[in-house]
Ligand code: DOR
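Heads up, the chain below is alone and in the form predicted on its own; it's given as structure tokens.
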Amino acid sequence: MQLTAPLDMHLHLRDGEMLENIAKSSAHTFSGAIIMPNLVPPVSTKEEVVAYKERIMKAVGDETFTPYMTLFFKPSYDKSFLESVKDEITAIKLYPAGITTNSEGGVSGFDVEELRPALTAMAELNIPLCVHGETNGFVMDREAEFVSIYEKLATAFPKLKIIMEHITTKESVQALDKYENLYATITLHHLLITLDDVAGGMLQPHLFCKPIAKRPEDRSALLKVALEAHPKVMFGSDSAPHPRHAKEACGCAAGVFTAPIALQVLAELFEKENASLENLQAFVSDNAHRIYAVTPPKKTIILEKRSFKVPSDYNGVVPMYADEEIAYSIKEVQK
């Protein structure tokens, strides 16, 4: 089995020592990735984007990999500023304030008129808006409640390409076909787990994430559009590394680390569900090429059906399926 120029359209690489420790986990098997900007402080200026990209390229070393950079959305961004930074970024990421890791500087309230100058300029410059779509409501309802905000934004800014990030609910899936300018990323872990896997027995801290895993019917809706390679969905791992001590602790950090095993487990999942290799290729690559209009560097990943024992950790970060056997291995990476 081979995959051509796979892309991860939602990735956390962190910074500093963590960046140096885990960047190659993605860069080895992916041709590129949309890089999240929620550092401390968040990436919100041209200079910060350029400097962060330089640190990423240093961390990935000789791997063939393009980091598609993003800015942390601020309503104060005007057209002049966006024109000046456009060539350095692929998208801008909007976080509701305080809703996830390092998002305290995000948007409070979604007043269309307050957002109009920045979002209008983004639409005119063809800069996609990526959104972490959750309210501050009851944790299981937060994403479903946010769909009405997606609808408001999609209607108010019909020329703005809006990416619903890491969707987890059937309501988000349904919204895809209602609005021409709505697209979505789906993670590996949300295709596999429900809340029962996280907290149905002993708490599984390395499966705790935001948005939290939902119900079986939500997982089924995600699986359907991923397996059929719906033209408006893309793979985005939301691989979010935290040191072991931050996960196995009171106040467990939210995030699932899947970067080193994502393609192997996706291959196993698509085979198990009798989905075609063409659909897997579209889900992990072709749809993203078209939606984002990117041309990633050439890379071919050869996978083979040979069991692989997932390490207990990668430089102190515990991956999904740690110490377990998965069915597929990476046989070769051709550049």
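Everything numeric in this text was worked out from a predicted model, so none of it was measured. All residue numbers are counted from 1 along the displayed sequence.
The form predicted together with the ligand exists for this protein as well; it is not shown, and the discussion that follows is about that form.
Residues of just one listed stretch (308-316, 19-27, 322-330, 6-14) have heavy atoms within 4.5 Å of the ligand in the predicted complex: 6-14.
Exactly one listed residue, out of Ala240, Met164, Leu119, Leu188, brings a non-hydrogen atom to within 4.5 Å of the ligand in the predicted complex: Ala240. Contact with the ligand in the predicted complex, judged by any heavy atom within 4.5 Å, is made by just one of Cys209, Ile261, Val173, Val233: Cys209. When contacts are judged by a 4.5 Å heavy atom cut-off, Lys214 does not count as touching the ligand in the predicted complex. Taking the partner from elsewhere, Thr90 is found to have every heavy atom lying beyond 4.5 Å of the ligand in the predicted complex. The shortest heavy atom separation between Ala254 and the ligand in the predicted complex is within 4.5 Å. At least one heavy atom of Asn38 is located within 4.5 Å of the ligand in the predicted complex. Residues from 109-142 that approach the ligand in the predicted complex with a non-hydrogen atom within 4.5 Å are limited to His132.
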